[in-house]
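As structure tokens, one chain now follows by itself in the form predicted on its own.
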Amino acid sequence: MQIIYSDLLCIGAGLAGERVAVEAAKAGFNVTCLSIVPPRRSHSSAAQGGMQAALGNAIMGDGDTPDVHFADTVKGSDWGCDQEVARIFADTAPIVMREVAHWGVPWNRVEAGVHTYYKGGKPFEAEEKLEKHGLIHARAFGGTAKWRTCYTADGTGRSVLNTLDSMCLRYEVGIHDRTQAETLIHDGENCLGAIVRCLKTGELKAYLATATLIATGGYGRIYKATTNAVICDGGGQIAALDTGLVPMGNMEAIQFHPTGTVPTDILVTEGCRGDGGTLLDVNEYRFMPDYEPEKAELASRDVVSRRMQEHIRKGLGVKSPYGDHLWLDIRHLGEKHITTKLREVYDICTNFLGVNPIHDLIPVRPTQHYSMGGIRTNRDGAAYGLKGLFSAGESACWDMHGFNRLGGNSLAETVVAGRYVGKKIVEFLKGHTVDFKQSAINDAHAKVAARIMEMTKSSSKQESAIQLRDEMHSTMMDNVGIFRNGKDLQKAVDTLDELIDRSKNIKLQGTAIGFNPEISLALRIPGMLKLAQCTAYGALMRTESRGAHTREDFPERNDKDWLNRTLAYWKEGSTRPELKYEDASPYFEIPPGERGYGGGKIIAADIPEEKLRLPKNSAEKKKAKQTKKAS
């Protein structure tokens, strides 16, 4: 078995993984990144709309501050976020946007003078300030008080990823693509690296490292209708959960994006609505102001998706062979705007839908898009349960998003958390050594090799990985969607119990152990089913509605009983996750209250006085910032 050593092993080479890698490499450490695909094809490249940061350059963002951004993030999370982490994010985001601009990200820039913008389909004029000319521009996104989403047309993810990948080359980060981490190597206390399968040859290799980062993105592929790429199968979360030591946080918190296209489920950016696009029903009537008079199409994503689904339930959806949908209208934005600032939307519509958005309506409906849950970490990005294991980006539950993340916040999180967690990993590497135990390496290798041998050689195993995947998809789509109830969730949990048991008997139809998508799926499916069960079981147990978790049988947001975070552990030999709970936030800089959109009843919590006070250093920093601002 080949063994590869590095100081830091990054499992995943998208935005979060590469930003952490750059930070460690700049500090002089040897870094290796693993990726299923070439890094520039990571799912980060699919992100369109932009990154939120309170720069306040655009006239419609005038007066924006990190405090306003922080408040929007807390409200967007429906008070489910860790406010300490949300504060770190909001304060750091402006620095990081300027930093990546310095590295080469071609942000759209403010052009001084009078411009025509759109809100809710109607034009208005605003004058950009001369003193802001040439600074980073911003567009509107949902759930925000100011325009603060920095963007490069509608290809922001790709632009930033290309820049970071070039920085990895500059700092000699080792990129090993077409590799899949199958299990973590650990001794019960320390994470030592991972057993990795080469997707070209099938060879198993041991990658050993003092620190290991998981940055593999989300687990949207547990659903059939998702905007996520096929590589977003939760591989990193599976490896962490499989240790029995590392918990998943808030797995029931699943976001459905309002504008997945029909029938492809390919996303069209929230920037369409931020730039003035509207949602129409079968009668081409704009319905969102009826539900959300103030925010309309620019309420938070959980709210817009629910309102769309409600409208479809009333029989006002557009009938199609692929199910009911609604319309997204950006025709009034004009050809120039669509083919420059929304050019990827134009390409997606013309190439995949046969629709020209300059002249035609775009068929859309809510589609699974983002996972607020993931590997639970502390504020430094260190995973619970194993020393030396870190996580960042969508794979982590760093938990600045709580039960709903705002558009533009997650893409910004990749580089903000990447920078912040990267610095913490550098501190860890400077003060930590580890004993690479041969027994732990051999045990991890033997575990993966035995699974592959059983699937290829055993005559008693008959289950199809593809069939199990399809049944999981049906279960999640039918029972764990936008609207949830106890009966459906219990059905999902019972069905997933059965599928998990059947997944012990997977047999491959083919025999190739090298390039073979079937073996990749077969190795993932048992873990994907466990992630699905963590999602369904967590949703069943959470008897309230909060953010994207909407229980029709428990419609109130219950701060009295549920102002907390779910932790799902999967002990070896267990048939279901063990659920524990921790406080949602160590303190509440903003006490729980109304979001200002979405409606709903709140059962108030009796929060201890000490949790409503900032810790001493946080309070001192805030006071110093206010003093500086006043002067």
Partner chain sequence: MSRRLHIEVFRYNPLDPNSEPHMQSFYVNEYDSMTLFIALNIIRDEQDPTLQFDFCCRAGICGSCGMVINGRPGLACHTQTRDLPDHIVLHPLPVFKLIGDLSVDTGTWFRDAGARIEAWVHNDHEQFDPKAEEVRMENDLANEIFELDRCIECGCCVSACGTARMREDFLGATSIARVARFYLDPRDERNEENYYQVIGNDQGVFGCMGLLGCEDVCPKHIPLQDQLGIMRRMLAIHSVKGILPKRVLEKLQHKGCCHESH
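Residue numbers count along the first chain shown, from 1. Values in this document were obtained by computation on a predicted structure and should not be read as measured data.
The same protein also has a form predicted in complex with the partner chain, omitted here; what follows describes it.
Visitor: Look up in the predicted complex whether P39 has a non-hydrogen atom within 4.5 angstroms of the partner chain, and give yes or no.
Guide: The answer is yes: P39 has a heavy atom within 4.5 Å of the partner chain.
Visitor: Looking in the predicted complex, any heavy atom of G323 within 4.5 Å of the partner chain?
Guide: G323: no contact with the partner chain in the predicted complex.
Visitor: Would V448 count as a contact of the partner chain in the predicted complex, using a 4.5 angstroms cut-off between non-hydrogen atoms?
Guide: V448: no, not in contact with the partner chain in the predicted complex.
Visitor: I'd like to know whether E128 contacts the partner chain in the predicted complex, with contact meaning heavy atoms within 4.5 angstroms.
Guide: Result no; E128 lies far from the partner chain in the predicted complex.
Visitor: Please pick, from R306, R469, H257, R524, the one residue with any non-hydrogen atom lying within 4.5 angstroms of the partner chain in the predicted complex.
Guide: It is R469.
Visitor: Exactly one of N228, T377, Q533, T144 has a non-hydrogen atom within 4.5 Å of the partner chain in the predicted complex; which residue is it?
Guide: Filtering the options by heavy-atom distance leaves N228.
Visitor: Is the partner chain in the predicted complex close enough to T278, N283 and Y587 that every residue in that trio has a heavy atom within 4.5 angstroms of it?
Guide: Not one of the three qualifies.
Visitor: So which stretch, 479-487, 388-396, 262-270, 68-76, is the one near the partner chain in the predicted complex (non-hydrogen atoms, 4.5 Å)?
Guide: The contacting stretch is 262-270.
Visitor: Taking heavy atoms and a 4.5 Å limit, what residues of 512-538 are near the partner chain in the predicted complex?
Guide: The stretch touches the partner through A512, I513, G514, F515, N516, P517, E518.
Visitor: Knowing the shift is 3 Å or more, I'd like to know if the C-alpha atoms of Y322 and E471 are closer or farther apart in the predicted complex than in the shown chain.
Guide: So the answer is closer.
Visitor: Would one find the Cα atoms of Q467 and P321 closer or farther in the predicted complex than in this form, where their distance changes by 3 Å or more?
Guide: Compared with the form shown here, the C-alpha atoms of Q467 and P321 sit closer together in the predicted complex, by 3 Å or more.
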